[in-house]
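A lone chain, given as structure tokens: the form predicted on its own.
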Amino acid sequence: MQLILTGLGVSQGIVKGKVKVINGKDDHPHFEEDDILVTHLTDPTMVPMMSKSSGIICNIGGLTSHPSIVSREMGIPCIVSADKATTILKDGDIIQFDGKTGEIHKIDDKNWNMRWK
């Protein structure tokens, strides 16, 4: 694993999974169960995706921002203030992140899913 990005951990938990970058509402239908939601900042229209996600990463935000509050209520690990997350992380990247420390690691192992489940 390689540390590729850090942010502010606002909802604890360690998540491993596939990235789905959401840039606008046209991307919503392509979001699948257990994807890691990566976006600039969540808003109320994204709550259905948030509830299906295994984790959330946002470019901006603080302890009382929308993604922070909603992810804590839902028990979903979350990192905010991960500057440029939507440009550094790509659809399909396999990552692991820690919602407490704010560290995001890229996983290069193509068989990650076989060992994780």
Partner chain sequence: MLTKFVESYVQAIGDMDMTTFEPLSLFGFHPMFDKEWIARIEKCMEYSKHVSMDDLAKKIKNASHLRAQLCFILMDLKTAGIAPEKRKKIAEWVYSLLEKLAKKDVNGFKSNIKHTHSEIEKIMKKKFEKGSIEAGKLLGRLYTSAYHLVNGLYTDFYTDWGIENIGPYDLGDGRILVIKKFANLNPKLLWAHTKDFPCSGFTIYSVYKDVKFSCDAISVHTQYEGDPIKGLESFRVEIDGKETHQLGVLKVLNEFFEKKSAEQWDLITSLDHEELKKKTLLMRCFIFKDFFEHLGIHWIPNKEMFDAIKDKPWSTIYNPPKKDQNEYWRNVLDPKEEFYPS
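Numbering follows the first chain given and starts at 1. The model shown is predicted, which means the values in this text are computed figures rather than measured ones.
There is another form of this protein, the form predicted in complex with the partner chain, and it is not shown here; the text below is about that form.
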Exercise. Decide whether Ala85 counts as a contact residue for the partner chain in the predicted complex under a heavy atom distance cut-off of 4.5 Å.
Key: no
Taking the partner chain as it sits in the predicted complex, is Ile36 near enough to touch it, meaning that at least one heavy atom pair lies within 4.5 angstroms? no
*Tell me, yes or no, whether Lys100 is in contact with the partner chain in the predicted complex, where a contact means a heavy atom of each within 4.5 Å.*
no
Is Gly61 close to the partner chain in the predicted complex, meaning a heavy atom pair under 4.5 Å apart or at it? yes
Is the partner chain in the predicted complex near all of Met1, Thr6 and Gln96, within 4.5 Å of a heavy atom of each? no
Contact check, 17 to 44 vs the partner chain in the predicted complex, heavy atom within 4.5 Å, ordered by sequence, gives Lys25, Glu33, Leu41, Asp43, Pro44
